[in-house]
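Quick setup: one chain, the form predicted alone, written in structure tokens, and binding and motion questions come after.
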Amino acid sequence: MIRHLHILLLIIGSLTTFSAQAGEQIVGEFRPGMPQGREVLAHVPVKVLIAEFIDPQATGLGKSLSYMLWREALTAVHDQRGAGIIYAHTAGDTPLVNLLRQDYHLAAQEIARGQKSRIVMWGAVAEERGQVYIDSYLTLLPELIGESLTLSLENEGRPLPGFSTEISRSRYGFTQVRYPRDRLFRRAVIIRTGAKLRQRPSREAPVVNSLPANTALQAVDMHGAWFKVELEDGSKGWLNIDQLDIPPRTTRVHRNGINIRSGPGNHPVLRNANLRGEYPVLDRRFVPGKGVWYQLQFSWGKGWVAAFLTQPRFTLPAIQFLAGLQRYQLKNYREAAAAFGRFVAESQDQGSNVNLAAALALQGSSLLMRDVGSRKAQEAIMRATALTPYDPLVYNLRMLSALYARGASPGQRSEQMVSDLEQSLELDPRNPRTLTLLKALVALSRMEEPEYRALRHSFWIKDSARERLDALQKRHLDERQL
């Protein structure tokens, strides 16, 4: 069993001319319980660490896949200031082998703590009969996450004391993803600033071609940090990932009246079409004042579509979940809701109920932070409750969302809030968050505090709900707690 995880400090910085985020690799020597060395991306508030995926068969896929996921994660938050992605991996071509998952997971967490990364992505990859199987996990570090993944209600810009709940667990295991080996690394890659195409995946290998910036190529395979690419004339060569931008693998479009253009931005319209489906991304460009554009492959040919009209898709749905978590913590709630919505759309036919419920809860919370009475938020939270009726967290969340729910009278909302508290306390009678919510609802029912009195014209407790609330108070709280 390997006791050391060798992980150099290579500063990559901002990876595209239009990116707000930063990415770095850390390679060097990691020893459990020993100092980690200096923190990278120290100026970035919300960092994620991607640990090299375990590759028990020593196929090299763990290293290559992890490089690609690192760059996909950067692409997923390319426009989000304050988001950073760190990739921790072993030196050279040495893979992580013979490392028990438990030790690997603990090592990844320790690296993340040393780098003050709030979230760790880790996993394993295996190949059998031409199929690649990928298991992925996310671990959140509560001491670094703090209160950044909670939902707290306000009234007219002032916090409502006690009306707050966590909306995320500390660990997520995602449904296994399978790819044919010959398709895993097939995707578009774009040369960033000019590059040397090499004969082999090595900086010492002979140069076979020089390619200009903004050249889009088709990658057909990968070895370590090197993509094998195919040129239009059929020749092949190797490019290091440091020289490349990595757009989404595909993007989904479900809209009417889309202008498909001959180039990014204000180029002529080739056709106006209703698009329904998932399309390979061939190229990506940033146009000042016009944002990001994708060149897509259609049945009739190629064309450019504004990226905001599409839903980008990556190798693993977990990348969408990760992007949503980062955006929520940075209070970009609109984009957080979109990312969690994409995760739900990609995973609902095969994902676990727990993960789908978590994504819906986070999507609902993101929508509530933008519009506290959002009906779409209510629907997402109701779906989360239906998927995991055994989770007290979703009842706490639904209780909060009911306070400002549109389309229901104050009396109906009070009944719903008490019902949710009853369910949550039945599942976990000692949950401190739920007990705090109970105390807050009791205080709201009395309208004694200034923050609560502001709601007296829009909310009140029905007599039947008050009786149930009194019963909960007597059962779960004593006078010292009120």
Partner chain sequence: MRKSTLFLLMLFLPLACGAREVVLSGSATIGPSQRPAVNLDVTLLDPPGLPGSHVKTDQSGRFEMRLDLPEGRSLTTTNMVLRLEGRGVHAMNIIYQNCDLTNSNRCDEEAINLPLLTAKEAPDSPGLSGIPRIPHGEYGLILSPYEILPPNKPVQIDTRLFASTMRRAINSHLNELGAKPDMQDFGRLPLVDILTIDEPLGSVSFHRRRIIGEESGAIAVIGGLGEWKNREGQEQISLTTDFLLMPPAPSDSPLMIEIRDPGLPVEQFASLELASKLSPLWKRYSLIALAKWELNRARQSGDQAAVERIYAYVVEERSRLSGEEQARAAELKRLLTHIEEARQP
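These numbers come from a predicted model, not from an experiment. Numbering follows the first chain given and starts at 1.
Unshown form predicted together with the partner chain; subsequent notes refer to it.
Remark: all three candidate residues (353, 386 and 429) come within 4.5 Å of the partner chain in the predicted bound form, counting heavy atoms only. Contact with the partner chain in the predicted bound form, defined as a heavy atom within 4.5 Å, holds for exactly one of 158, 178, 331, 406, namely 178. Among the residues 279, 163, 185, 137, the one placing a heavy atom within 4.5 Å of the partner chain in the predicted bound form is 137. Exactly one of the stretches 62 to 70, 419 to 427, 437 to 445, 44 to 52 approaches the partner chain in the predicted bound form with heavy atoms within 4.5 Å, and it is 419 to 427. Though the partner is left out of this view, residue 370 does not reach within 4.5 Å of the partner chain in the predicted bound form, counting heavy atoms only. Taking non-hydrogen atoms only, residue 204 never approaches the partner chain to within 4.5 angstroms in the predicted bound form. Heavy atoms of residue 392 reach within 4.5 Å of the partner chain in the predicted bound form, making it an interface residue. The partner chain is not drawn, but in the predicted bound form it has no heavy atom within 4.5 Å of residue 232. Annotation for 399 to 414: no interface residues with the partner chain in the predicted bound form [heavy atom within 4.5 Å].
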